[in-house]
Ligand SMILES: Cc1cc2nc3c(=O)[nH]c(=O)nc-3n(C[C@H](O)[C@H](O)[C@H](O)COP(=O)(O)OP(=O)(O)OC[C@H]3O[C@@H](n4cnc5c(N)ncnc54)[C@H](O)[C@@H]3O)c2cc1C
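Encoded as structure tokens, the following chain is the form predicted on its own, with no partner shown.
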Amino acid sequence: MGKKVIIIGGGLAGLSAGCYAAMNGFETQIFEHHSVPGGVAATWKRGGYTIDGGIHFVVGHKPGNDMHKILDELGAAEPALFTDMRDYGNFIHEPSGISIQINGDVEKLSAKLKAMAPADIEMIEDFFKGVKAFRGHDFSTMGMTNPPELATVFSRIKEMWQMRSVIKYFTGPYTKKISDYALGIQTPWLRDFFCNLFLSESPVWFPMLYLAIVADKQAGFLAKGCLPFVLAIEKHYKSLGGEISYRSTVEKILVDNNRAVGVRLADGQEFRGDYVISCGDGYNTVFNLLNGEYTDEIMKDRYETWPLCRSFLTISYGVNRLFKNELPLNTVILKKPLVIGNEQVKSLLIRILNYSDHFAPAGKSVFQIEVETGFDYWYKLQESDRKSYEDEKQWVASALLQQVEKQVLRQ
């Protein structure tokens, strides 16, 4: 029997690691805390509706792309799992009354923005020049083909040569946060437009790249939500002989002579292996499962001082109507901010799951509203007063619904 790999976590990373380990002749076993695979790529049922809380879109799902090759290797390239993204979405700016459809015709979009914001023509042209440069390239597996530990001088040179036409956009001002880049924009609504193409802290090159991907028709949605996608990978993993244990919480990584040799579960069971791969939370792995014994000042500083990803609140609604013509992704900049807790919510992302009939019963639909809000507020509230926590959730759901009914969801 070959060497054994123990994998902590049955999310997409854990399942993928299991598949590739099994394909390379290793015996594998995954330990997953939850009762189902997928991790944060989660889907659940509510009253006949399917609520998809995970992946918003996928890139490179079509044959001919590097990502499609990976999906095929993982058993998740079935065309029925995907549906093409025809347009990126809508941008609605309530303070100015501006509404813009962001579609795959980037030349038309650029011309429209220049006509509407003549004071910022130079900035618009600079941005869309980058979008044009990214078109026609396959970046679906960018950073995934050659891990730093395995890369050679030749492979690095080869990657640089393949990226020669866009290399400038990974340097200089294009590595800034898009919010900093937008400070040079004179038109207020256009500044909000650029900052909300994706996360405002994303580098400038990322929304350039993504608009190019949409224009090249290489973006798509998961037609049935995350769970069927995840289950396809799980099925393939098991077909390769892999084992997966659910409701199995890893409490410690066992170490012998500074080498990981297995895991101990919360129920006291121990499992040994030749290699251990943790595909769970990084902090938990380093400071809990390994007791913080294998770190240094650089890593400690990162966890102590680096800013965390912004926290978001998602509210899902099942409604007795269809959204046949609305675009799936809609960004709304509010004229009057909504106060949640002690913070002002100035924008909403409205995600309409109308790209397949999988999410709701006939004649009905699911849509979601996402807002940025502080995690600490909600955590402390549910810890101190559960009833107030539930009441606050109901109030927020109602208040947000009223905000968007007049714009995106009107009949």
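Just so you know, these numbers come straight off a predicted model, no measurement behind them. Just count from 1 along the sequence shown to find any residue number.
There is also a form predicted together with the ligand; it is not shown, and the following applies to it.
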Touches the ligand in the model of the complex: residue 269 (any heavy atom, 4.5 Å): no
Contact of residue 289 with the ligand in the model of the complex (heavy atom, 4.5 Å): yes
4.5 angstroms heavy atom contact with the ligand in the model of the complex for residue 248: yes
Close approach of residue 367 to the ligand in the model of the complex, 4.5 Å, heavy atom: no
Residue stretch of 342 to 350, 37 to 45, 358 to 366, 372 to 380 approaching the ligand in the model of the complex, non-hydrogen atom distance within 4.5 Å: 37 to 45
Partner contacts in the model of the complex for 50 to 64 (non-hydrogen atom within 4.5 angstroms of the ligand): 53, 54, 55, 56, 57
